[in-house]
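Provided below as structure tokens are two forms of one protein chain, presented individually as structure 1 and structure 2.
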Structure 1
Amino acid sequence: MSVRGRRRVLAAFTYAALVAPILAGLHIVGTTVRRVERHLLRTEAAVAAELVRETGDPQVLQSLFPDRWRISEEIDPTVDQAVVTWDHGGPQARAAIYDADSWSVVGTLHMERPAAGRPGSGLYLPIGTALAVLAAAALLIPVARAWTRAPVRRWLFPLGALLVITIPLASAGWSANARLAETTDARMQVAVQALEALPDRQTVVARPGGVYQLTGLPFMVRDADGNVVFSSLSSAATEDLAALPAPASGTSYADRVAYAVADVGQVRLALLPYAHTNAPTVPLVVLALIGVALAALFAALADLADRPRVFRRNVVAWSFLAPSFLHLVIFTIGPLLFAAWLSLHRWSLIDVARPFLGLANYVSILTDISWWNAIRNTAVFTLHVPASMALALALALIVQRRARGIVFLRALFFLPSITSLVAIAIAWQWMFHDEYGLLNWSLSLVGLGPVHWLTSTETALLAIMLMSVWLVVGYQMVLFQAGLAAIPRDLYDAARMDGAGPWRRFVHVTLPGLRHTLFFVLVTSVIGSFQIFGAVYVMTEGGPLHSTDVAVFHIYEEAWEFFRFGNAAAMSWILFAIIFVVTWLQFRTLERRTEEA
């Protein structure tokens, strides 16, 4: 391939990286808006059909949906619920009309889109697309001329790419959001008007599920004093919504709870705004980021087009790397960022409303006693690390002396840390048994105990720490042995010549020689112990009385017992920050000191 050819290929890739996310993003926005609009049309048909059934008088529709409804005698067996079909030029909805008993279908209601005034398919999509495509092309020109200049490569191009991609996506997202909000209003309006159009509203309201049947919306009914007498919402949502002030103009949005409400007499209707449920922010942001990153990468490699062998080498290297890199992005870096995003929202598997909360999750966690209890327990648990390290070091010093049987011994010490943790935890739980456990029996032999190992709040955590020491000490010992073996014999001999006793040799030769090993074991063990889960999960489930509730277990429960993913994500980020700081502190204080030593 010639230099020109390679340049063209690179330029094509760059262009694709720029344009593909724009097109994909606009497509996502477009389909979202269309889907929501179709949903609105279908809702209108459903409400209209219900209204006709309820009142028996089709003319009520005229004021609500002027000139865009029609009732035919035809009975389409395929139409039961309202459906939207795409007829010549636009979507049309049809719904079956039932008789007053809701027994038999008497006709079909046809509903069209309003001719004008309603959010339609604006021109922004084709125009925006064309502009974005042109802008991307324009961006390539200076780049193609100045491929090799570093500032262009490093800053200008990525910046340009960012603008070219984000401007159309952001504006599309923006206008989509506005239109989705309008649609939400319209949807609420339909429900409100339907209720108001009802001559005997009270009977419908009094009937269980009556309001829902008519409007398709969750609702609550309040008595004259404002007390909620009925609600089809969850109790938490009811509480939130009942507290909202009466909407001035029919609809009120409340960001924290992400509902729109409207009052019709005693009835308060609630609606999840589409803006919150459906605006595709996450995919748009992800697309934009991927596009910018790829375009910048291709542009950064562009000057290699002139150096075919270097170019080929880069391509080859990426063929080796790509799977891992993609995996890392998809399964680690992406999730890391996504967790941060989650932590700013109320996010649960069961509630479709996932409102943005800002730092509220963090604030509530940081003022939550149970979280601090978990952190405290985790920190206390981490104290087993120095204990096990001291023991492991002693073991390493003893065991290293004699050769025979060392292989067997080492295997023995290593065993706990590699076998099934759950099995070991079960075994220890049995050994910790209050009455029949091995430990209490041993204590009773020397006239002590019994200790309520796992059943007392005072000792449960201690018991788990004890087991953990047993668990890791062998593994640490193997590491220390490796470190000890690396200390030159001469140093000991020299110290001996200087008349240093065993203790001084230990302090002045062994410890300094082992400092890197010690440091690594400390850092990795502390990081590991901050993430303890299995032992707690199996042995105590955080009990008794939360005395063994540790951070990861707490997060696990928050997410998979209470389904509060946003909260759990915030907790996990806080834990990450704590681990990060602790590790950093260890580096600061210990590694620097050993460096000086």
Structure 2
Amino acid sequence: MSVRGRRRVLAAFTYAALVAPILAGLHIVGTTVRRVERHLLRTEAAVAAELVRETGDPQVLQSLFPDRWRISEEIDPTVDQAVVTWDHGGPQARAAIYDADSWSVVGTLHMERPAAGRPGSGLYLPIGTALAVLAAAALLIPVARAWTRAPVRRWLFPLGALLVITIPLASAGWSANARLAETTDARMQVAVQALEALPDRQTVVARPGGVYQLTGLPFMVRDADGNVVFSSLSSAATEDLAALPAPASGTSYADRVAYAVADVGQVRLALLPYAHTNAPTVPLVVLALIGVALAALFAALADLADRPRVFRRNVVAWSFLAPSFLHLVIFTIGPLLFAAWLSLHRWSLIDVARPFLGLANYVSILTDISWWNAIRNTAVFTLHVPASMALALALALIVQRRARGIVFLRALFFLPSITSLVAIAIAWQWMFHDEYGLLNWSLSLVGLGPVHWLTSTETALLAIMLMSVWLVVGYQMVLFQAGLAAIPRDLYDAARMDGAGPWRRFVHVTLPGLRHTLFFVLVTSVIGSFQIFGAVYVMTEGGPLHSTDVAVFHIYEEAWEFFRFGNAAAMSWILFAIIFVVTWLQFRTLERRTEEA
């Protein structure tokens, strides 16, 4: 392919890298807005059906939603709660109407007239902005390439690509947030109108769950003195929202979260705005970064198009690197960045309010006694590494000799390293049993009393350390065997000729020859010991009395038992920092000893 042909192909890829994130961002924004509008229609249908059930008067809908809903006595077996469908004619919503006891369906609610406005009309501005920016880029990029030098383009083009991509995406995000804010107001208005339409509101308020069943929103009930009688919000949010003067309306912050608030008599409704729970900010930022990176890559290759040999080497190199690089980005760098983002938020699976906290999670962890107890247990557990290395080195020295049965011994020692950890942990759990365990039975043969291996705070962590030594010693032995095989035999012969005995040969020949192997085994074993989880989860679950609560198990509990994913992510980064510092110190120590040698 000629130089001009290569430039055209790369220019096409560059424009694709600019256009694709914009189109994907517009699709995400449109999907988000449409999903929220669908949720609003479903909610309105559910509220309307519940209001008819509460009042027993179908005419109540005419005052709230004139000519919008139609009630039929036919029962649709496919509709239980509210259902929204979208066809070429627009959205269609249906909901089942139950009798006063909420026991049987007596009719079906149909939407007669769609909501005002066309779905997706809020995207006109970002689409127009995207077309204008792309048209300007199509005119300016060739001019910039012709009038600037390669060193200038290296930083000028990524900046221009960032502007080309972010301007339409920012416009789309702004339009989406504006549309979501309008939907939030409409959602709150539906709930307020439903409460105001009740002829006997006090009965619904006094019934447990009555307000939520009608409106579907978190709420609090206050008495005449302003004291909170009941609240379905968190304690912190309840305290902040209860302090607002009545009548409350608009948006107010509570527990670092912006709530849309409205008062209907003694009931105070609170709604997390859709712009907070459905904002497409994160995917838009990710798309912008990916687009800029790809556009900068293709632009850099375009600068090499007139040098065929260099261009070919770069293309071939990136082609080979692309699969591994994508795997690294998707499964390593991506989760790391997401964990960093989580650590800055209060994020939970059961709470849609996920406010930005900054470094508050890290500050709270620094004063968390249970977390530092887990770190202490992890550090104590790491002390088994020198013992396992010493035993593995001794076994490597034994099995390196040529004798009958050595191959079988090597396989036998290495077998635990390739066996399921869960199966090993369960087997050792039975061996450590207080009454029926093999170890206590063996101790009873020599007149020693039973040891409470896994049920005592003094021995539980020691028992897991013993099992871990047995688990990793075979793998370490294989590594030491490889290191021993790399030591020249001439050094041993020379040491024998000098009169050195077995111990001196070991100290002055074997250990110096294994220096790098010892360091590799030490570093990998320490990192592995800081990541211990499976044995603790199966054998003790952190007990007894948190004596085996190690760092990774504590992070697991924080995330999947207490659902504090923000705290768990912050703990993960702190553990990463600890492992990094320990590894760096080990590298520095090896370099210092190497220089001294």
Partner chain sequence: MGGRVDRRSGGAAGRGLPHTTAEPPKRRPAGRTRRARTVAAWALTALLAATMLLPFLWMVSTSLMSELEIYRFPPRLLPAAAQWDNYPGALTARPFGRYFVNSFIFAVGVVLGQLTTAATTGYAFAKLEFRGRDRLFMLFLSTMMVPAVVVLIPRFLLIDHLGWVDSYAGLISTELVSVWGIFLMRQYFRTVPRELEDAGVIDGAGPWTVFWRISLPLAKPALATLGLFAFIEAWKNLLWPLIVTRSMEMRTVEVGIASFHGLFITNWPFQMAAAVTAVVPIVLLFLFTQRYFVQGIQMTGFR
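Here, residue number means position along structure 1's sequence, counting from 1. Take the two forms, superpose them, and find the largest set of C-alpha atoms that agree within 1.5 Å; that set is the rigid core. As the structure is a computational prediction, the values presented were derived from the model and not from experiment.
- Matching each structure to its source, the form predicted alone turns out to be structure 2.
- After superposition on the rigid core, displacement of the C-alpha of V385 between the two structures stays below 2 Å.
- Core-superposed comparison between the two structures: CA of T215 displaced by 2 Å or more.
- A displacement of 2 angstroms or greater separates the C-alpha positions of L180 between the two structures, with the rigid core held in common.
- Superposed on the rigid core, the forms differ at A20: its CA is offset by 5.2 Å between the two structures.
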